[in-house]
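In what follows, one protein chain appears twice in different forms, each by itself as structure tokens: structure 1 and structure 2.
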Structure 1
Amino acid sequence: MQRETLFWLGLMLVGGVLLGGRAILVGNGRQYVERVTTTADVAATEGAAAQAVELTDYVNIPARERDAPGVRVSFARTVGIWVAAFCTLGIMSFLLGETPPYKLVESVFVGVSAAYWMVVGFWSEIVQNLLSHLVPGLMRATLLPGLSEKTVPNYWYVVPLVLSVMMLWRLAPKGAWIARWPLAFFIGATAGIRLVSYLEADFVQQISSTILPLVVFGADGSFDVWASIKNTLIVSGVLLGLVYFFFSVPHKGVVGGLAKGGVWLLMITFGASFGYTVMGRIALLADRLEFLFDDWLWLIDPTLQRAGM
């Protein structure tokens, strides 16, 4: 066994003993719940009258109310907190390199994501979108009992079924070239559909948003200074950016000065976009750290969930 593997194994064992001892003594990482029963009205259907149905759910309760009547520890949610904490630490261990915990968590994440989207695709696309239109009677009797009685077979859905089977042919030992035909169709159709939406959103819409009056008057006829300044900045910024990308004329003299202004504008835009992205990632990191120190370790209590314990 390699020295690195022994190091991480020992570190995980020591950390596990310390965390287990703290969990026993302090009780951190536990999630308390309370059973709540509500009443919902079910609409009338063919052959059945409207009726009231009782729905039972378990809501999270702050740890400071753990001694209240009806409050108990949720084993499933407690295990979920500990698993989420270990997965978070495993991903963060990438800061030290491709450690065994990171590789394990990465493999679990990829496998769970692939399995989840496979199940979602099966139920939302194959069952509800394809089979419900091809064999509605069979789906109504088996997988989709709530399918409307008005749904009738639509055999045009045989076309996407055949294309899907052809695409799966790539997994066969022979005839993998058959999958190229549906793949080419899907890529071409998607490109055509997205082209129209992109032209409208990224081209026409941006042009129309730039056609603004430089002098703006309010509803009462008075001159609106700030709206005029805003429109002037938008129009002048767009023109400066376009001048920088206008390469048919040498960037010298007045054109060179305007192009340099366009460069400054682009750098400010890219910097603001990058800063926004970094702040978004920092917010995600802060959320994970708050989860570790608050929900898991109980070292902080910003929402006073354990006040008075």
Structure 2
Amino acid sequence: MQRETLFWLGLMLVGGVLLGGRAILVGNGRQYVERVTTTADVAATEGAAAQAVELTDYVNIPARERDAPGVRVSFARTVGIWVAAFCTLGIMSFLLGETPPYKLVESVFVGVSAAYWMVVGFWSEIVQNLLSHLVPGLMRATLLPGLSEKTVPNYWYVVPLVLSVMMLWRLAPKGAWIARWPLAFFIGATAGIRLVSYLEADFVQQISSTILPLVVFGADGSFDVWASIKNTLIVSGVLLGLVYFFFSVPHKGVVGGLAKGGVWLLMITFGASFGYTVMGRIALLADRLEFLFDDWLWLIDPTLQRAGM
């Protein structure tokens, strides 16, 4: 065995023993829950009298209240915390290269996310929008009891049903061209929606917001220097940026100079966007580290979950 492999193996073993010991002695990574029972009344229906049904929910309880009556360790949620910690470390192991733990959790991520978005699409679109319009009676009796009694079958929804079947045809070995019809609908709808919405929200609205007074007076009638400079910079900045994007005229002479100013402005924008993106990612990283050190290892306690323990 190579010296490097031996070193990492030893390090992981020591880490595992320390973690296990800490989990036994301190009890870190445990999630406590409390069982909450409520009663809901069920109205009388034909052939069934009114009744009260007991509903059970489990709510998370901070570890500092673990000795309170009715509070117990949730096995599923505790396992969840350890699994989430393994997944977090697995993804972070990519910093050392494409390690087996990374490849394992990456595979899990691909499978879970694909299935999750399929489930979301099924319940929120296919059931909620397609089936509720095609067979409202059946949906009201089974999956959507809250569906309005006024909802009647709308057979126009056979069209998206047919288009859906045509789209799934792509999985068939022959006749893949059939999937072009729903794809064309998709592309056409996207183009139609985007054309209007972008022109309204991103073109007209942005121009409207840029038409600002260049000389600003305060409420008391005095000249507001800073607001005037700010508005002038915004208006001239937008114009300079647009000059840079205007390629119908060669960027030479005066236009070239203005375009140069536009480039400088865009560089400031990209620099600010870059700074913001980095800060956003670092915030996410801090969140994951907080999960590891707070929820899992119980080494820090920023929200006082374990105060007094």
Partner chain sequence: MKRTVPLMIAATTGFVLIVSYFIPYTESWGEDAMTWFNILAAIAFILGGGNLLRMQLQKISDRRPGWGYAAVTLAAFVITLFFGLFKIGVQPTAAFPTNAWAAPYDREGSALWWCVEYLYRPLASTMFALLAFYIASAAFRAFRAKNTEATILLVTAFIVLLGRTYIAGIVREWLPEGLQSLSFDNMTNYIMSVFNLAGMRAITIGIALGVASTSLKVLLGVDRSYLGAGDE
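Sequence positions of structure 1, starting at 1, serve as the residue numbers. In this text, all values refer to a predicted model and were calculated from it rather than measured experimentally. Just so we're on the same page, rigid core means the largest C-alpha set that superposes within 1.5 Å between forms.
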item: Matching structure (the form predicted together with the partner chain), either 1 or 2; value: 2
item: Rigid core superposed: K260 CA moves 2 Å or more between structures 1 and 2; value: yes
item: After fitting the core, G221 CA displacement of 2 Å or more between structures 1 and 2; value: yes
item: P62 C-alpha relocation of at least 2 Å between structures 1 and 2, rigid core basis; value: yes
item: Cα displacement of F7 between structures 1 and 2, core-superposed (Å); value: 8.7
